[in-house]
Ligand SMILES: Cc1cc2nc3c(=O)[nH]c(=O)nc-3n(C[C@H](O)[C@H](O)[C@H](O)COP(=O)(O)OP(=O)(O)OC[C@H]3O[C@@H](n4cnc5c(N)ncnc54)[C@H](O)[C@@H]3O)c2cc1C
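The data below hold one chain only, encoded as structure tokens and taken in the form predicted on its own.
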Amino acid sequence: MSIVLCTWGSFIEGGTEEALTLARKLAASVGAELHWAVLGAAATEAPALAERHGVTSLDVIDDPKLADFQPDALVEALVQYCGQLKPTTILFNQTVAARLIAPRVAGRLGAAVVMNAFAFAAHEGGLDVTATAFGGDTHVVYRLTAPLSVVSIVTTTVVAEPAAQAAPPARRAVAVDLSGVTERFRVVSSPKAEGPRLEDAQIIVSGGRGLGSAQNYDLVKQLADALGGMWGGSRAIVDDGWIDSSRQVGLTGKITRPGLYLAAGISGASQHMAGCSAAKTIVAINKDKDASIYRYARYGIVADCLEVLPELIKAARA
């Protein structure tokens, strides 16, 4: 019996250690081996993490078509790999790309699939998977009894814990044949974010439609710069063209876990909070005292953010 976590890309994504922690605990609870399948250049960073988190086998899959994110090639590689390994559970760290890949792998393998998972409990004859639903407003438990399951993990509520006894994992190269794979879609334009990633920021200042206009959003940028943080926003202002989608925080954007998250003019819809609810401290500025954001915020300022933000900028620069 084996459980596998799948990772790809040019580097190890944030949340991978948390996913490895959950995978290791699941493997221990069912008496299974933990395999970590790493595709592409991320394999160079993987050995140390694999040892730290008690991985049984580090399975490296290398092919020129995996150098960049090519969904068709990636799905085919994972399907061939799982055909060789025959795992009982296939896990993904739920990044934006994983939302695309995990269901396709499940479909190809005829497996049950659960997204937005964050906890497991083994039972006789199957696995109970707890996941968020309705944008994070509620939790649901799925009882999986199929011989093969695909589960995508949201790691914002998971704390990374190294294995009690670390040991170097076995390392093996896995051969796949991608010669017959041709990508059906070609990306001709995509958002590009330079510099630090929003997912790794310790301080984030985000804005929403409550700012009134794209011109007023500049106050969010100024405050983020003054605090030494990064700026982001809600899906609403991405849809309106105020900011690029690479700056979107939420269920369909970036999943963040900063020390400080300051939300200005954001109502607090569940889809947005799914991307920032793991912040250690949330500060909200909204003139609507009944805004949903105040259910999550540690500190709240019931006022017009256009009046408050300039004062915060002055204080931060003082």
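Given the structure is predicted, the values throughout are model-derived calculations rather than measurements. Numbers for residues come from their place in the sequence shown, where the first is 1.
What follows is about the form predicted in complex with the named molecule, which we do not show.
Contact check for Val55, Asn116 and Val129: none of the three has a heavy atom within 4.5 Å of the named molecule in the predicted complex. Proximity of Asp304 to the named molecule in the predicted complex falls within the 4.5 Å heavy atom cutoff. Residue contact with the named molecule in the predicted complex: Met230 places no heavy atom within 4.5 Å of it. In the predicted complex, the named molecule stays beyond 4.5 Å of every heavy atom belonging to Asn93. Within this chain, Gln271 lines the site of the named molecule in the predicted complex, having a heavy atom no more than 4.5 Å away.
When the named molecule is considered in the predicted complex, only one residue from Ala279, Ala37, Ala27, Ala291 comes within 4.5 Å through any heavy atom, namely Ala291. The partner is absent here; in the predicted complex, the one residue of Leu66, Leu49, Leu251, Ala43 having a heavy atom within 4.5 Å of the named molecule is Leu251. Picking from 75-83, 231-239, 177-185, 138-146 the stretch near the named molecule in the predicted complex, with a 4.5 Å limit on heavy atoms, gives 231-239.
Residues of 201-215 placing a heavy atom within 4.5 Å of the named molecule in the predicted complex, in sequence order: Gly208, Arg209, Gly210.
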